[in-house]
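One chain is shown next in structure tokens, namely the form predicted on its own.
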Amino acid sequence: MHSLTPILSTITAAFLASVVEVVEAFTIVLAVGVTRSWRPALTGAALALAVLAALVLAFGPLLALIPITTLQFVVGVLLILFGMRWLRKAILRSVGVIALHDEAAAFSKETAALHQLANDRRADYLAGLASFKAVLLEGVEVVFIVIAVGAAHGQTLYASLGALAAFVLVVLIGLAVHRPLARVPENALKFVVGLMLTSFGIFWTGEGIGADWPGADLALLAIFAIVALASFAMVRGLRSAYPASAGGLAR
């Protein structure tokens, strides 16, 4: 049980975080493919994936040179910051302080921009560039999450499998329906991922400074529960202040 807890939580965190990022990248690639053509869309996406692979190959081995306690502390702090950023946005969106991310609106905005460039001689280049930028920017976040949640306990392979499963699932569903995946509960996913990344960060920061967690890896579950309770309390408090919006976490 102790060994399964970090493995399952690593796979789950990488999978859910990657679903969010891949959905956002897929929306732009789909807009390029439908509006312009699939050649620049797929070319731009393929080039971005190649750049991401090069980054992983270049910097991945360097992690082995860092002492494990230092790595746990640095990765833990980064995960806390990264996770709290996702949590903050999810909480504020759930209470209506900032707008929910709308994949259908993002798709419409991108297709409108591409239609305006239809007569430009550089239209294919600009379309491919849009696809490249979307995949690269979202992909960098996926790579960071995979390395961060996997490296501190030597579980990068499990994190990579979670991210790969998300990529395959989103692409297959997206190609099947041939439209933006607007029904994905993106804000709820971001909320859960924010909880998981923050919990991982607290756990590994503690290990990096030599903390002896009660229950060893099972302490992750307790940390997650505490962070979740605190976050739901914030949501409830903010909804009292902003009563006009409700149900935001469902999106």
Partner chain sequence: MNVIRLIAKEFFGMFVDDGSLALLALLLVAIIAAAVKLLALPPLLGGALLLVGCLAILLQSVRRAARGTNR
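Numbering follows the first chain given and starts at 1. Nothing here was measured: the structure is a model prediction, and the numbers come from that model.
As for the form predicted together with the partner chain, it is not shown, yet the points below apply to it.
Contact annotation for Leu16: none of its heavy atoms lies within 4.5 Å of the partner chain in the model of the complex.
Not displayed here, the partner chain is approached by Lys133 to within 4.5 Å at the level of heavy atoms in the model of the complex. Interface residue remark: Ala165 is not counted as part of the site for the partner chain in the model of the complex, having no heavy atom within 4.5 Å. When the partner chain is considered in the model of the complex, Thr205 lines it closely, a heavy atom lying within 4.5 Å. Contact with the partner chain in the model of the complex, defined as any heavy atom within 4.5 Å, is confined among 60-68, 39-47, 207-215, 25-33 to 207-215. Comment: the partner chain is not present in this chain, but in the model of the complex one of Leu126, Ala106, Leu78, Leu161 has a heavy atom within 4.5 Å of it, namely Leu78.
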